[in-house]
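Here we start with a single chain on its own, the form predicted alone, put down as structure tokens.
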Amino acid sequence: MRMEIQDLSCGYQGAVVRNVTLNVDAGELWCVLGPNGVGKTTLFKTFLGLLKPLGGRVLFDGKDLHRWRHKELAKRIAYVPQSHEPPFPFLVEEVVAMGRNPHQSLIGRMRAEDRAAVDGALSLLGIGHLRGARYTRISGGERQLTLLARAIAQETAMLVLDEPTANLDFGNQARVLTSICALARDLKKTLVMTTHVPDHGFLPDCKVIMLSKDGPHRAGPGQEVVTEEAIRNLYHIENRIIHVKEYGKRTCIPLYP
């Protein structure tokens, strides 16, 4: 699935994000990077159809966002929120099964293909052992993997993730990022995620758009866009980007006063 954002401005009473132009092709991994209050979540809500654009257009496979029926769009795009607190203590497998809603009739009865999609998503992320656990009683990292499994069970071409590693410990951050990279690499899913971590722009084959309050937005391959100068301008902090040659990885470190 291809997404085209054409000179998009979005917000509530007034524009928070202005003049964003971006093409996201099938199978690509994109990070949306920017400081607090720059409008990352607002941008997401707009191209998910939850907010009406104040200017410009959003196209999916060449068709304007607001010409898509909600159910048809839900078969193509899955959303993974930053956090989620259900009103009832659902089982993990029940939360994952909610991803099958766009594919079901009004009765909502689980069919064999629905169960297979749920089983496959749990297995893919290695959380099958949590199937019968209460979602409200598992750890934050396990919840995030459960929400990711729900999106996988939805069987969409594109996944939109709002800060998928926020509030997770070091190990769970690595597990979630490993799963995200595998979805793009092995299943050819299109993924767009917001983040506060410059290092995420160095994920394999990742592309980045930097949303700026003061200047033009920058977009392109993470290795080219995420530079010391760009991070300094974006966050107003001195930093260094270190290349760990032994492992072929880069990391951005802030230089504290």
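Residues carry their position along the shown sequence, with the first being 1. Only a predicted model underlies this, so the values are computations on that prediction, with no experimental measurement involved.
Note that the form predicted together with a small molecule isn't included here; everything after this is about it.
### Message
Can you work out which of 45, 57, 232, 218 has a heavy atom no more than 4.5 Å from the small molecule in the predicted bound form?
### Response
Spelling it out, the residue with a heavy atom inside the cut-off is 45.
### Query
Hey, in the predicted bound form, does residue 35 get a heavy atom within 4.5 angstroms of the small molecule?
Within the cut-off, so yes.
### Message
Given that the small molecule is not shown alongside this chain, does residue 39 nevertheless sit within 4.5 Å of it in the predicted bound form, heavy atom to heavy atom?
### Response
Judged by the heavy-atom cut-off of 4.5 Å, residue 39 is in contact with the small molecule in the predicted bound form.
### Query
How about residue 22: is it within 4.5 Å of the small molecule in the predicted bound form, going by heavy atoms?
Because no heavy atom of residue 22 falls inside 4.5 Å of the small molecule in the predicted bound form, the answer is no.
### Message
Can you tell me whether residue 247 touches the small molecule? I mean in the predicted bound form, with a 4.5 angstroms heavy atom cut-off.
### Response
Contact check for residue 247: no, nothing within 4.5 Å of the small molecule in the predicted bound form.
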